[in-house]
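The chain below stands alone and is given as structure tokens, in the form predicted alone.
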Amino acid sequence: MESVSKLKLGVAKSVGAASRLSGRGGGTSLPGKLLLRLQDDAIARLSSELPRGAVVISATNGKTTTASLLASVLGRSRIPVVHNRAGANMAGGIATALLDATKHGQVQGQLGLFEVDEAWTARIVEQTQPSVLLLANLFRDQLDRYGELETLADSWQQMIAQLPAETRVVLNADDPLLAGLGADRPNTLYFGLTDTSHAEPVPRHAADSKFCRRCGAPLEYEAVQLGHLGIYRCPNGDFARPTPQIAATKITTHGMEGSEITISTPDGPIDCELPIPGLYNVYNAVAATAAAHALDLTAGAISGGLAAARAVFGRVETLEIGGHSVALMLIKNPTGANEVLRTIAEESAPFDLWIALNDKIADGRDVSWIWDADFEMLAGKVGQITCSGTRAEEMALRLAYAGIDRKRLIVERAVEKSFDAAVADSVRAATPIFALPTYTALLELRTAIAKRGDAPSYWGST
């Protein structure tokens, strides 16, 4: 396939450089959007230059962290990657990553590593023709933009049916929405968790998929790891959780310090220390291991890469603000929020929280999801909670219904102002503080504190 002309690449690169220098944002996707206007098949043309092809990762929760974990493993394997590290995961962001990797009109790199928005996955897969496709989970998220989960699952099933036989499809066996997508495909690799010591017996009320996709019967669960992920079966015998070839067989959590994991693989077990916390990040690590196995990477590279990984932009990212440690933990839907809450609820009380709830386009206009998240687990454990963002008042109301003493709630819409005040209060009280923003609030906060020198710039943070 003929490459994109140097002139078009140069024009798009110049726009990207100007956008980043302006500090107004847009540098992660604007150059790629312009390139696609100049050359609508630029993603296909540029990705075809990658000798090792591409890995495409999609999920509702965890795709940024999973891609970062896999990037760390690939780094240990000395494989140069083209990676949309900044998390811009639609066509413009993918095109920008490829554009940034070009030099003298050619893509410099061996392998593409692209995390992709759920609704864009089929289009990006068609253009990149990946050697490995990893689908990690589907949860309810921005229904005003995506629609029902079944619709997304159906579109992914059609996408998989059109893939070449040699494409390695990696699926989460613990997600009943995804596991069946590989039923008729021999070249499918499943991953999951077999250690049930952290599981619950039944799904929480916020669980998204409780029914068999074939007959509609309520699924029976032997164990629920998080949300609707776990060990399940259809009572009518139509469907059951596949046996994962890549599985976390032993999980020891150490609060905010991370976890120790033993992961079984067809080549033998891998012991690793994961320095980022939460059971949801164990899932991300096992998913990254499965993709690494599909790429024929070694156990040593996998173990070393996972141990060397660091939290990415806003995903349990720890910052020093005024000499005080603040952990930034993105929340955006009930399941993801519940896992963040479960992680911090294990910490010694009391701790303070700063929660910023926005309802902008990138967050989803519908914020009713907060009523399905289990904020009740904070009652009796939290010191002070500052509610910020465009829907700060509704967040405070939700917390009051969760049993949080209203005297502990502060409402201030302004993101930077409220954050600084919350951190100052926690410093005076010598209390740990966690910051839980939705997506656009996270971007606003990180931009503000990066300008002050309290955090790495957006470009260097992922």
Partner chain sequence: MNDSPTLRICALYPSRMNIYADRGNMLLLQHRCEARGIGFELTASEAGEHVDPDAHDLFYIGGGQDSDQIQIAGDMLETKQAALAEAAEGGKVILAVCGGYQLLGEYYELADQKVEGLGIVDLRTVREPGERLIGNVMIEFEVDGSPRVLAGFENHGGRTYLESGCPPLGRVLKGHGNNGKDGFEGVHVNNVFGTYLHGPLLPKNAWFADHLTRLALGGDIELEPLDDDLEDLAHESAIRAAGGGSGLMRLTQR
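Everything quoted here is computed from the prediction, not taken from an experiment. Positions refer to the first chain, counted from 1.
Not pictured, yet referred to below: the form predicted in complex with the partner chain.
- Using a 4.5 angstroms threshold between heavy atoms, R310 stays clear of the partner chain in the predicted complex.
- Residue contact with the partner chain in the predicted complex: T390 places a heavy atom within 4.5 Å of it.
- At the 4.5 Å threshold, heavy atoms of R365 reach the partner chain in the predicted complex.
- In the predicted complex, K210 approaches the partner chain with a heavy atom inside 4.5 Å.
- Every member of the trio R140, C215 and W371 reaches the partner chain in the predicted complex with some non-hydrogen atom inside 4.5 Å.
- When you look in the predicted complex, the only residue of L436, L36, L397, L30 with a non-hydrogen atom within 4.5 Å of the partner chain is L397.
- A heavy atom within 4.5 Å of the partner chain in the predicted complex is found for one listed residue only; from A44, A424, A414, V411, this is V411.
- In plain terms, the part of the chain that comes close to the partner chain in the predicted complex, with a heavy atom within 4.5 Å, is 357-365 out of 100-108, 357-365, 236-244, 119-127.
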